[in-house]
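Shown next as structure tokens: one chain only, the form predicted alone.
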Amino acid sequence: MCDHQPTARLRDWALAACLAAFSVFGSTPAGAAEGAALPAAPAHSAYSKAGADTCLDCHTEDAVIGIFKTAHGRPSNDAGPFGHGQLQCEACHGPGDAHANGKGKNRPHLIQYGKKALTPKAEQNETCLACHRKNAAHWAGNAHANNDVACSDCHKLHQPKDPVRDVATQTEVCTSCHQTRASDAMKPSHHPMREGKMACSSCHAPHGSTGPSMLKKDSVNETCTTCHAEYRGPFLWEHQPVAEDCANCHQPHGSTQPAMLKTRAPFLCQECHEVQGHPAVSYTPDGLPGGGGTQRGAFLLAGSCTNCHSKVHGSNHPSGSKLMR
């Protein structure tokens, strides 16, 4: 089935390169001169003679065969496990000769992946990072790494189409853990995630980032204005909470209020602004601090602050100091 079997020389080279990647991310081993012979494989690290063909003698289920429809199983992909001179299944699962020739309970385990795997998650991840470290430069120390999440908890490499890399199915994978966000996405006002037009990775970098909450950009506002460029500014007249953080007013994962607002106006506005002294409130005892507020309620609930202050994100009009134009 696999016509790209490595020669013994190529196999020894690939093994040594793999060991070097695990120890110092591909640098020359300490004490080895440039161009010197690479170290020989340890005696217990025996690879099978027939590569993937040995594995496929037993592992014929669809859950395994699917890898040949992915980039990892494509011989033309020189950087992949099945590329020229690579170790095929054993590039990820480790030396398999003893496993293939063992019997019953004496058969040693290879590196396993998944939530129920015997292999520690740190070891699973290090195997993946040996090749994919440039794609996960901020993995160390991020929330997923700190909570012992394995690459295989999210990625399904033997499936022809990895669900977490598909916009239509990614949200389902993420919300299997982040269940509160699944509830938020079902609220009336939400980003088009359940419609398959956006995914969690549209805003977040699941492998780590320099921004808060693993955002793809360095701040909430910078992330939001990637799409909502009309609110980026700078404005001649700025609304301070907007310039500070979009999340001061909006719930980005979903809300029961229009425009994903935290609270419906005018109550949202009144978290910062008091109504007393507003030109639209009559100067009667009702309009004074502690007054009954009948006119206040009629004015604010019948319409809203945004009936007049329509440019709440900022204004560039010379007369826009009150964000009214």
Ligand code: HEC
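Since the model is a prediction, treat every value here as computed from it, not as a measurement. The numbering used is simple: start at 1 and walk along the sequence shown.
Heads up, the form predicted together with the named molecule isn't pictured, but that's what we're talking about next.
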{"item": "One residue of M186, A168, L236, A79 in contact with the named molecule, assessed in the model of the complex (non-hydrogen atom, 4.5 angstroms)", "value": "A79"}
{"item": "Touches the named molecule in the model of the complex: P192 (any heavy atom, 4.5 Å)", "value": "yes"}
{"item": "4.5 Å heavy atom contact, N106 and the named molecule in the model of the complex", "value": "no"}
{"item": "Interface membership of P75, the named molecule in the model of the complex, 4.5 Å heavy atom rule", "value": "no"}
{"item": "Distance check, S319 to the named molecule in the model of the complex, heavy atom within 4.5 Å", "value": "no"}
{"item": "Residues of stretch 144-172 in contact with the named molecule in the model of the complex (4.5 Å, non-hydrogen atom)", "value": "H144, N147, V149, A150, C151, S152, D153, C154, H155, K156, L157, H158, D162, V164, R165, Q170, T171"}
